[in-house]
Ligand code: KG4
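As structure tokens, one chain now follows by itself in the form predicted alone.
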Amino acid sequence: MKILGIETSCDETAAAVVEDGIKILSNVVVSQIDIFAEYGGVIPEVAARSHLEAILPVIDKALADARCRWGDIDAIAVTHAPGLLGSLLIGTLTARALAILYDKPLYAVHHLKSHVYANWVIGGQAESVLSSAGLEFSSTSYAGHPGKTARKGSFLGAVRNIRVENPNQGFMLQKEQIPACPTFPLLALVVSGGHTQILHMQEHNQFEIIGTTIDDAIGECFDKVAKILGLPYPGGPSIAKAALDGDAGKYEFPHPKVDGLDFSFSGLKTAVLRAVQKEVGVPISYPSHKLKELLNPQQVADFAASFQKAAVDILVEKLEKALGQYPDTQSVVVAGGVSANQALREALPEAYFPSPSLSGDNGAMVAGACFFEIQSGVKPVDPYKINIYPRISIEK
């Protein structure tokens, strides 16, 4: 089954063709980061207009890269929630028009489900890597289809993700003997600019929120701390880069005391602000946007490293607590833009992470999630009645 996935929930215009939920035939992403770096954040109206310009060329390229015509496409999947209303509108209107024009079933996919299912997707470009290593790729065995098992001696029967050091592909070599794909029941840690949640999944397409942020999401916290330190938007990559030259033990930041499995990052952001003000010797009334002028490069690096350590530690602590409450957990997956953070990956060596190139918003994860929805019995939506939602629970 070949599914065209379309993603326009925020500031990436993306489309991909994925086969059987896991094999990427194409994956095209046009990012607006360069536009919004100047402003330090996304401007919804500008994002929507940029999607409008890019959406059809991106879809055309996704089909061309996959060497597919419309007759080869079995379904269309599009992100319909949550996200920026204007951005979602461009993606869903385009998808519904294409579904009607080419008579294809249309599936409305939740954005966070897509991020979770990025952990099942593997790039088709990995086939050449496997071949050179004397291993074989078996898409039907990898996805955990009923009645299917990995063939003896195949890569997917024993190794979760074999990756090659290649900056363009975002892969790195990993040969740990881990099951080929996550097994149920599992816990999913979703970490992005707009969400921080722990989900419990008993099986495919069953999501239970067992922990969520009560204020800022972790990605939002990264962005705000980056602005305090004078680092560019988006904050996650810029803080991670600056932290490489910093001392993570230089400054100690408190861990919020939040009951249960919920998170809070607003206090951590404020703690960094107060620590920077104290370090440079200014009162708390001093404007935060001017602090960068008083910091030297080493101070920026030390604050970045110390903040990143505290943020990662908070995530790990809550996840460990969740594992204690759900002792039957077989796998842990990490999803969302912050899953690209190397410090987080090193702190959770037993967890499943998507390829870094699939951590951010992309069409492949939408198509992958759609495949497993179809396998779970989800029916297509009426293209004339598809709705968009800026906020809606993954449990809906």
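Start at 1 with the first residue shown and count on from there. Only a predicted model underlies this, so the values are computations on that prediction, with no experimental measurement involved.
Missing here is the form predicted together with this ligand; even so, the following discussion is about that form.
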property	result
Partner-contacting position among 94, 192, 306, 197 - heavy atom within 4.5 Å of this ligand in the model of the complex	192
Listed residue (246, 182, 211, 219) with a non-hydrogen atom within 4.5 angstroms of this ligand in the model of the complex	219
Location of this ligand contact in the model of the complex, chosen stretch of 293-301, 227-235, 67-75, 203-211 [non-hydrogen atom, 4.5 Å]	227-235
Residue contact check: residue 370 to this ligand in the model of the complex, 4.5 Å heavy atom	no
Proximity of residue 27 to this ligand in the model of the complex, heavy atoms at 4.5 Å	no
Residue 354: touches this ligand in the model of the complex, heavy atom cutoff 4.5 angstroms	no
Contact label in the model of the complex: residue 84 to this ligand, heavy atom within 4.5 Å	no
Residues in 360-375 with any heavy atom within 4.5 Å of this ligand in the model of the complex	360, 361
